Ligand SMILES: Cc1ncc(COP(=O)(O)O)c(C=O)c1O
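Listed next as structure tokens is one chain, alone, in the form predicted on its own.
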């Protein structure tokens, strides 16, 4: 029995959806690798990756196979029972990282919510009720729940929802002196993105993360790395903390970990995990067999020397061409980032106009992203063909040429 599909168009969005998004004027209907087709059959090169999610592109046969096979077996049993895919994936994450214990959930916000709750619970259990303060960075982004949006250092996302969660301090990113001044014995956790994503694709300095680790150790605080956007191979390492050699106490992962299927994980040590005893925290869908089957296929492919080396090689291709475009048309002051999370910082003349680049690129058949109003962001598939990189950047250059009137 097939379900009848009613024809829909972009205009329907404004009639039936809550207006908290302003999606592009076209509707993608099919993807293959790093190419996408819209309702009219127009083909686009995808450099957006579903905002750093589609780590293996669209319709990757290994992911389609894993999902289809599991869909014919078992979808959902809840966490009253465990399941084989969850246990297999958890073992692979433990084997590949600093972690000894895994908590599965469905989104980056949920992974961070679990991380922040764990940090406060550990401090409460070990040091008492006064040790609950969380220090985070300005312009950080950690999710949209009330707790995570309060920890994120962007008032535009957290204002207007009543009283905020207290005990949260924001300091400038990459400013170790400011962090030192903020940390005290009341601090239960320092929360940082090794690469600020929504804040402008800004990597941390090594000394900053090393200093944060030292401060946490001195004050019995936990170091939490939000690797929702930077994790699962995107930085050129399985997780970005590996690039720095600074090991967190808790790590959140989402986006790429499911390759397009909604899933997330919080990773931590055995000692800390004991504080989330039975009944302390939970989720209905987290760790479901469908998500974990796909996640297992993702890590099996991504955590290989050839894919991770390929990410670094593809980074070099993007960076060289984007710097050339930036210089030729006077639009970028810097091309920064790691692996296949790349940000092009707009020059003074183009400040605030990242959306114009997004729109111009779409008109030329290439999907890109913004990271705030001043940074153009690229987060493509980690296995994107070099030919697709060249074609997409050719289209992007045509868009820039038109935009600048060159």
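Predicted model only: the values in this text are computed from it and were never measured. Numbering follows the first chain given and starts at 1.
Not on display, but discussed next: the form predicted together with the named molecule.
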Among 112, 229 and 255, does every residue place a heavy atom within 4.5 Å of the named molecule in the predicted complex? yes
Want to guess which of 201-209, 310-318, 80-88, 142-150 is within 4.5 Å of the named molecule in the predicted complex, heavy atoms only? 142-150
Tell me, out of 169, 333, 107, 303, which residue has a non-hydrogen atom within 4.5 angstroms of the named molecule in the predicted complex. 107
Looking at the named molecule in the predicted complex, which residues in 28-44 have at least one heavy atom within 4.5 Å of it? none
